[in-house]
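Shown below, as structure tokens, is a lone chain in the form predicted alone; questions about how it binds or moves come after it.
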Amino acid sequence: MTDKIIETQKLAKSFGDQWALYGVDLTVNKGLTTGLVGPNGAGKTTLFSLLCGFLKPTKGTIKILGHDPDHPELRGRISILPQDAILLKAIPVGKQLSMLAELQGFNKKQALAESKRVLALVNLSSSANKNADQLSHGMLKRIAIAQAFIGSPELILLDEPTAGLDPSTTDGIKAVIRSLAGKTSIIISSHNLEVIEDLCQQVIILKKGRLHSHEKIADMTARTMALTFRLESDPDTNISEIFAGLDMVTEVKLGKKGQHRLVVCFKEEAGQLAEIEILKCLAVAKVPYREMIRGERLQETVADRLD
């Protein structure tokens, strides 16, 4: 049995004479939580729609668990949370989830139990008998996520699952996604790269409809070989000179104007000594900083690659 849950070859989709995706060769293995990122217009929504069978490719092929996306064998094995999922206002949310479960083939008793199960996953069991218009935006988002978990699908596609949520609700949603890690394959499309970095093992980066890269997040951020500083202001362009006497420093990178960012990369074998010496250099040069992070954050790494 193959470990591949998604495989595309030269996948392309056009709308008229405009290519939304072109030449995408991609393989995603089972059991991983994967981030899908890229600027607006990069092709993320188009890729999700192709994976679900909502759209047909213009060119190339796409296989989900070895089947075409619209194959009957995949029914109930894939689910999606659209970014703007809408619930019916006048029907209790628990009943709506039961109806969706019945559409997947559950009988009435099983559907009710499944509705209760997924509501419990998002900590909203007490809201089962409430209508959508009685619930907050954050609660509605959690219920929309609950519908994506109906039937324990093997592949779950989540489009901006934490958009518009307060920090506490976001933490709850992240906890649910973590609880499913390894049990199912999840792809999260989001502009919030802190969420991607926190939840995902790998990331797919799209740029202008093409696959820019597909890598492990740990490899991209190289946590043990860099220090990232948030300074009080943008660093001088010649700030790298203060580290000139440190052979262990391999690269100094500055953020874009207004980011107040400085990244100092160093040799892995230097370890904690590098941190001490880099901090000494900043102190001698009287460069104040607000925050220090070990490694590079995904936000900066992706931004650098998409420049």
Partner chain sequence: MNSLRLGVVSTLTRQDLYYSLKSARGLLFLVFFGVFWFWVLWKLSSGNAQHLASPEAGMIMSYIIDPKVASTLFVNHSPTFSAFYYLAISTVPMFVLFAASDQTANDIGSKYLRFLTPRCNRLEIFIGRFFGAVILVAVSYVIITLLAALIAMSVDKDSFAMVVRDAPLVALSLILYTIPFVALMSLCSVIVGSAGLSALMGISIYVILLVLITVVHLKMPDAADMLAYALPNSTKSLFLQLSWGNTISAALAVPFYVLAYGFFGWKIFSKRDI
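Residue numbers count along the first chain shown, from 1. Definition used throughout: the rigid core is the maximal C-alpha set that superposes within 1.5 Å between two forms. Note that the coordinates shown come from a computational prediction; the quantities given were computed from them, not determined experimentally.
A second form of this protein, the form predicted in complex with the partner chain, is not displayed here; the remarks below concern that form.
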Taking heavy atoms only, is Pro72 within 4.5 angstroms of the partner chain in the predicted bound form? yes
Under a 4.5 Å heavy atom criterion, is Thr184 part of the interface with the partner chain in the predicted bound form? no
Is Gly31 a contact residue for the partner chain in the predicted bound form, using a 4.5 Å heavy atom cut-off? no
So in the predicted bound form, is the partner chain close enough to Gly138 to count as touching (4.5 Å, heavy atoms)? no
Each of Ile78, Leu88 and Gln104 within 4.5 Å of the partner chain in the predicted bound form, by any heavy atom, yes or no? yes
Could you check which residue among Leu124, Met220, Ala144, Ile196 gets a heavy atom within 4.5 Å of the partner chain in the predicted bound form? Ala144
Check each of Gly53, Gly271, Gly41, Gly66 and return the one that places a heavy atom within 4.5 angstroms of the partner chain in the predicted bound form. Gly53
Among 225-233, 165-173, 201-209, 144-152, the stretch whose residues bring a heavy atom within 4.5 Å of the partner chain in the predicted bound form is 144-152
Listed by sequence position, which residues of 14-53 have a non-hydrogen atom within 4.5 angstroms of the partner chain in the predicted bound form? Phe15, Ser49, Gly53
For Ser168, is the CA shift between the shown form and the other one at least 2 Å following rigid-core superposition? no
Yes/no, Ala132 Cα shift of 2 Å or more between the shown form and the other one with rigid core fixed: yes
Residue shift check between the shown form and the other one, rigid core fit, Gln104 Cα at least 2 Å: yes
